[in-house]
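Given as structure tokens, the chain that follows is alone and in the form predicted on its own.
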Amino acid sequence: MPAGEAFSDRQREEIERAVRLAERESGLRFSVYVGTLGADSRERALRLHAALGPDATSAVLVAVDPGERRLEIVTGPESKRQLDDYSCGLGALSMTTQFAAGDLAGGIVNGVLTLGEHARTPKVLHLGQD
């Protein structure tokens, strides 16, 4: 997330905490970008995701342009196996609902947590013994 004045210190900490929880829950890397995405927001979000380098394969990028009211969620090839379009839609819905109420930080927190929960890797309860 770029540094800026969009969030208070507490809001930044809440977003960072949500990212850590989502990463721990899912095993994926989560990244949040808040800023201008430009006219082609999807293309810009794809470039931001690719800029994550080798981590992009298993990364989820949440890109928000508050000024243009745009939201993009980009997944890499590995992360897409755990986080399908339906789950991304639910994450987007949880964010946009709070954005509409004027809560940008809360929307990001809830959206990232929703994505992390839906991308959760199932725990193995029993291992088969041969």
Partner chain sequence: MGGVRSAYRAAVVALTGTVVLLVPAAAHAGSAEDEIVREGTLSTGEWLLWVIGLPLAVAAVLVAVVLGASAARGQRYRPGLTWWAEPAWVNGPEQPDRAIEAAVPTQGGGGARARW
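Residue numbers count along the first chain shown, from 1. It should be emphasised that the depicted structure is a prediction, and the values quoted were computed from it without experimental measurement.
The same protein also has a form predicted together with the partner chain, omitted here; what follows describes it.
Participant: Can you tell me if G27 lies within 4.5 angstroms of the partner chain in the model of the complex, counting non-hydrogen atoms only?
Facilitator: Contact with the partner chain, no.
Participant: Does I15 reach the partner chain in the model of the complex, with heavy atoms at most 4.5 Å apart?
Facilitator: Contact check for I15: yes, within 4.5 Å of the partner chain in the model of the complex.
Participant: I'd like to know if P77 sits close to the partner chain in the model of the complex, meaning any non-hydrogen atom pair within 4.5 angstroms.
Facilitator: Yes, P77 sits close enough to the partner chain in the model of the complex that at least one of its heavy atoms falls within 4.5 Å.
Participant: Since only the chain is shown here, I'm wondering whether Q82 would be in contact with the partner chain in the model of the complex (any heavy atom pair within 4.5 Å).
Facilitator: Heavy-atom contact with the partner chain at 4.5 Å: absent for Q82.
Participant: Quick one: which residues from 25-59 get a non-hydrogen atom within 4.5 Å of the partner chain in the model of the complex?
Facilitator: In sequence order, R29, F30, S31, V32, Y33, V34, G35, S41, R42, E43, R44, L46, R47, L48, H49, A50, A51, L52 come within 4.5 Å of the partner.
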